[in-house]
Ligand SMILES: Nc1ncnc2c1ncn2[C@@H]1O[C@H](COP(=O)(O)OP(=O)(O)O)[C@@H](O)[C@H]1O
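In structure tokens, the next block holds one chain alone, the form predicted on its own.
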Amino acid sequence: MVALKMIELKGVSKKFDGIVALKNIDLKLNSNGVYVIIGPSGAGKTTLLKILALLSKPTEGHIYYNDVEVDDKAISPLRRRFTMVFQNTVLFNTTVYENIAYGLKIRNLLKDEAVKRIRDVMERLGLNGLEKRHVSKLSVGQQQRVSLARALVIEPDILILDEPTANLDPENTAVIEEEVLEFSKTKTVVMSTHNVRQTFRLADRVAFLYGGLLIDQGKTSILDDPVDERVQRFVRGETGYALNHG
């Protein structure tokens, strides 16, 4: 199977009942590293991530993986190669272990390999000793770590995260950020945030989204001395969360 080395959106727009959520997005992501989609609440970040994850089709525009345009036949096999973790954690009504193991079971992974992967990811995310605990008994931060473990254990090519540390305490945030950086050494992470400090800690590349428009993209330096007034206001904390948050 050929590795996914490039994702590209060309002229992508998305409308919901006539309301424009994204407009004419051109975005190219190469392999490895952390790509951060940053912007205030309502900017269209989640919509953009869902399109990248092939969970939502654009109203207009084209999606390419490895320079090949994605058509309806390609969607299903491609979806199995990456996974998305949402801001609002949704877990199965069972134990920590069973939640993490689910993706491996449906892939019919050999038991010994599955157990090895599960133990490894639980250790990395500080979940050892919680295997038999029901997820309803976990803190919000622990639940988000389980959600991330469930995504990582299937070893996706691309990990897509929708504000994965929103409303989490510093300890849980640090654990998740460390794992994101480790994963990104060999694979691709695309994540959204409204936190500028977090962006500087994690991002290799940044795309600033505002009102459904891709205002600017590049290295984190675009946030050091923003040219666009909308980016300036955001970095100053005048629109949504920014430097004074997190």
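On a predicted model such as this, the values are computed, not experimentally measured, just so you know. In this text, residue numbers run from 1 along the sequence as written.
One more form of this protein, predicted in complex with the ligand, exists but is not displayed; see below.
Proximity to the ligand in the predicted bound form, taken as heavy atoms within 4.5 Å, picks out 46-54 from the listed stretches 25-33, 178-186, 199-207, 46-54. Although the partner is absent here, residue 19 sits close enough that one of its heavy atoms falls within 4.5 Å of the ligand in the predicted bound form.
Taking the partner from the other structure, the ligand in the predicted bound form has no heavy atom within 4.5 Å of any heavy atom of residue 66. In the predicted bound form, the ligand sits within 4.5 Å of a heavy atom of residue 41.
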